[in-house]
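Encoded as structure tokens, the following chain is the form predicted alone, with no partner shown.
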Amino acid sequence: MKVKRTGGVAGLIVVGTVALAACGSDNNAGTTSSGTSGGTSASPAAQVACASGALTGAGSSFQAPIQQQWVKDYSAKCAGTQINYQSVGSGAGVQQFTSGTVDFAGSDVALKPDEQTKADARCAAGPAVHIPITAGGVALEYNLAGVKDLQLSPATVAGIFAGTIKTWDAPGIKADNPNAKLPATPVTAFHRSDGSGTTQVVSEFLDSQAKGAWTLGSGKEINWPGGQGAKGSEGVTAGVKQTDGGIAYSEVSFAKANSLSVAKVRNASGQYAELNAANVSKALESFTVTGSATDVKGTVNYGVSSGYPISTVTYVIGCGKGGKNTPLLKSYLTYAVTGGQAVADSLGFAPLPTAIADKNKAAITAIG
């Protein structure tokens, strides 16, 4: 794979190693929903069944901002426990989990068959399982002087990242934005240089919705014909912020934190949909669980006629049986999929649809 790394780009975030404080019923009042439309799991949190010990996770940079918030909020409820999550990318997180160096992995996509085999072997007493931990849309963040309301069709996105659209006043972009004053600034497309579940989500979206314009396939790693490579959502976002004409894909909170604009993306009905919690929830109504009652992996439909089309869930992957620190893992995951969902909207995520959250609760209960 040919990639070009940009200088001065961050590659790693440690999402809190914290001593969690104040376990017990007196401090377990949860936060309330942020007011996102019905059919989601964000509701006042039940009391947390605290556990002792330490827990380590690594993986998806997409889910890192909400993991950071959960660790902080959980620390106000439970004492004597340490949780550490490293933002290293989905691919590296899965590798660390299968090698036994972390207790759980964060991944934006389900394990491939060969990864599942390795993960099952690592768990020994039972298969590794997937828990959709939060929902969100992949943002197309950009930095283009004078342009704040960009609209992009799947074919145009494909041309931008495949390198066939080279300037911001190209015909494809003009067709999507007939009323915009577009400059002739060169397009600089930033992509992930590390194995990334977010790359797989974007490439799957383009592979299914931009037929003919996208010929690079799908996966955590793509043989990019050009553009700029950077590590992590942190890295591509830093590259865009430094570059007039820059564009990248990342979790939307990175764009918000860096005051970058986010493009609307055309869905299957021809609507240019904004990336917000309501539109992510609409898109994920078609999410289909393909796993079992104890393994809540599923497939995303990118050809939605309502909502933001590059919407997905992101998973925590852990041992269903035989894992280390199981009581703490169950406690933390239970908090994340119940009361923890209340912070999703404010961070640029969407609360999990109730149907997914209910399946999660049953799957977490079965972890042993």
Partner chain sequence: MTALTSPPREPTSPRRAAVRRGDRVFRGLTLAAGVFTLIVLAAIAIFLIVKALPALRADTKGFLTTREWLPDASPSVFGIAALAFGTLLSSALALVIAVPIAIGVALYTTDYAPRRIATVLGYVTDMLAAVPSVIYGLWGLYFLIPHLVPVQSFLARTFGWIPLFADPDNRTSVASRSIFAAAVVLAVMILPIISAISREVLAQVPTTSREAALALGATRWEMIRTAVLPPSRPGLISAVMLGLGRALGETIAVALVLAASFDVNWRVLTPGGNSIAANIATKFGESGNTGREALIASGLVLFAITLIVNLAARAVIYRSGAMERSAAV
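Note that the structure is a prediction, hence the values are computed from the model and not measured. Residue numbers count along the first chain shown, from 1.
What comes next is about the form predicted together with the partner chain, which is not displayed.
Novice: Quick one: which of 154-162, 223-231, 127-135, 264-272 gets within 4.5 Å of the partner chain in the predicted complex, going by heavy atoms?
Specialist: It is 223-231 that comes within 4.5 Å of the partner.
Novice: Answer with one of S253, N276, T188, S75: the residue that has a non-hydrogen atom within 4.5 Å of the partner chain in the predicted complex.
Specialist: By the 4.5 Å heavy-atom cutoff, the listed residue in contact is T188.
Novice: Looking at N177, T294, Q95, N84 here, can you tell me which has any non-hydrogen atom within 4.5 angstroms of the partner chain in the predicted complex?
Specialist: Partner contact (heavy atom, 4.5 Å) among the options: Q95.
Novice: Closest heavy atom of K282 to the partner chain in the predicted complex, within 4.5 Å or not?
Specialist: Contact check for K282: no, nothing within 4.5 Å of the partner chain in the predicted complex.
Novice: Is there a heavy atom of D194 no more than 4.5 Å from a heavy atom of the partner chain in the predicted complex?
Specialist: Yes, D194 lies within 4.5 Å of the partner chain in the predicted complex.
Novice: Is A238 close to the partner chain in the predicted complex, meaning a heavy atom pair under 4.5 Å apart or at it?
Specialist: Heavy-atom contact with the partner chain at 4.5 Å: present for A238.
Novice: Does the 4.5 Å heavy atom contact test between T243 and the partner chain in the predicted complex come out positive?
Specialist: Taking the distances in the predicted complex, the answer for T243 is yes, it comes within 4.5 Å of the partner chain.
Novice: Select from 79-105 the residues with a non-hydrogen atom within 4.5 Å of the partner chain in the predicted complex and write them out in sequence order.
Specialist: Counting only heavy atoms within 4.5 Å of the partner chain in the predicted complex, the contacting residues of 79-105 are V88, G89, S90, G91, A92, Q95.
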